[in-house]
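Shown here is one chain on its own, the form predicted on its own, set out as structure tokens.
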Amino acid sequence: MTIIQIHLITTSDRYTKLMMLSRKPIKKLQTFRQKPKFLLALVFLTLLSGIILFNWVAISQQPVTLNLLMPAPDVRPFREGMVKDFEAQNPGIRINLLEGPNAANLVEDLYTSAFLLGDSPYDLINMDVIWTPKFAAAGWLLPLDDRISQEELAAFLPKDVEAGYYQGKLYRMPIRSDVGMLYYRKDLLKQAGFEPPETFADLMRISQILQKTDQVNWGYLWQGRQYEGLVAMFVEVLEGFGGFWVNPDTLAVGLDRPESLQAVEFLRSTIQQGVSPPGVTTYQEEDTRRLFQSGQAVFLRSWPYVWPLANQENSPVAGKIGIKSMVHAPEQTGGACLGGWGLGIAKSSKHPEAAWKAIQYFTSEEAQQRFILQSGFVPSRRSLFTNPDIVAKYPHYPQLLKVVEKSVLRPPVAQYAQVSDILQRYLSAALSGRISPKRAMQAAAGETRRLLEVGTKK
């Protein structure tokens, strides 16, 4: 019997047990009681057992700490918008937010490096919408299917939920959505008697007419630099022409089909006809946002984060902009590229139950509402787009929901990073004039097919 066990029994029994441990006969109990040294030892043992028991209880009651890595811009709104409230309601769990780089691809590299080393320190995995297939295929995530019902999932945006699946299993719960959209100067269109454009031809025609009035320098701004933003933008144009990139079910590749060539030619024509700046093939989101916000363009393809910035009091276009889905070819429908972030549980986590409890809270309607009101991000729950408190602060959210409902996923394949890199390289070469669109798309399609074929043989 241990010292702690001795401490827990009754006082009268303690002497008996001590006698057993010291191998002294019970009949000599009175003798031991008369010896001061024994009494001193007894007091010492009692105190020691109490200290050990106290420490054991204290250790067992220490809060569980869940490590979560996030891009730097998301850390502060996430901590202030949700983490503080979660910890207040769950004193036994602490969230250790680790600030990563600004760029999402660098955060992905940190996750990948940690998992490849075999001893990842992360419990909750904060995933961009395009990481789920890679992380799940590598065996880095726990499936979540048995933790949530289809009825509960129905409260979220369908495409956001779909983005959390890989090969029929759910690995990611959407915490906030994101979607590409077309911004337009509603004041200029109204003055000229135009409705917002629906087709690619409408966009080009309105741009050229308004450029001639000298009210704007450019018609249409988009992200043309060789990076993931180029791919996200191209997916929307490709969808508008009725084309596809990779079919995730059959792994068919559509980059060399006529629709893909039409999409590339449209983007090239915006530069050749002066609707887009010559330097657009070097632009990222912030380059295009600054030009549009300064009043230099009619149309901008970008993400929802632009809205609050463009409507600041000191913005030249404050109160003058509208939003809609990307334009399309006749008899086709527009498509908005889905972005957004979600949470999964690392397979290596020692605290999966605590991690799931955190995910349940962070994706709850109550927490998301507080988070959206504080940060201005896009919710992943449908009901919040028409929530009165949110609409009072962000009146464009009901319109934003219409854009989100037409969202398009980038192909959810395990080799997505390599597939994207192929498209980026050849698309950039075609748009900058280094290679013809036909040759570029044929090469991109061929290289993508070879990559996917190798992947299926493994």
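Remember, predicted model here, so these are calculated numbers, not experimental data. Sequential numbering from 1, following the sequence displayed.
We do not show the form predicted together with alpha-D-glucopyranose (GLC), though everything after this point is about it.
J.: Of W356, Y165, Y227, F115, which one comes within 4.5 Å of alpha-D-glucopyranose (GLC) in the predicted bound form, counting heavy atoms only?
T.: Of the listed residues, the single hit is Y227.
J.: Heavy atom within 4.5 Å of alpha-D-glucopyranose (GLC) in the predicted bound form: which of G100, G339, G240, G81 fits that? Just give me the one.
T.: None of the other options qualify; the answer is G339.
J.: I'd like to check something about E285: if you look in the predicted bound form, is any of its heavy atoms closer than or equal to 4.5 Å to a heavy atom of alpha-D-glucopyranose (GLC)?
T.: Yes, E285 is a contact residue.
J.: Should D128 be counted as a contact of alpha-D-glucopyranose (GLC) in the predicted bound form, where contact means heavy atoms within 4.5 Å?
T.: D128: yes, in contact with alpha-D-glucopyranose (GLC) in the predicted bound form.
J.: Check whether W303 has any heavy atom within 4.5 Å of a heavy atom of alpha-D-glucopyranose (GLC) in the predicted bound form, and answer yes or no.
T.: Yes - in the predicted bound form, heavy atoms of W303 and alpha-D-glucopyranose (GLC) come within 4.5 Å of each other.
J.: Taking the shortest heavy atom distance, is A104 within 4.5 Å of alpha-D-glucopyranose (GLC) in the predicted bound form?
T.: Answer yes; at least one heavy atom of A104 falls within 4.5 Å of alpha-D-glucopyranose (GLC) in the predicted bound form.
J.: Which one of these stretches, 363-371, 286-294, 147-155, 227-235, sits within 4.5 Å of alpha-D-glucopyranose (GLC) in the predicted bound form when only heavy atoms are counted?
T.: Correct option: 227-235.
J.: At a 4.5 angstroms cut-off on non-hydrogen atoms, which residues of 178-210 are near alpha-D-glucopyranose (GLC) in the predicted bound form? List them in order.
T.: The one in contact is D178.
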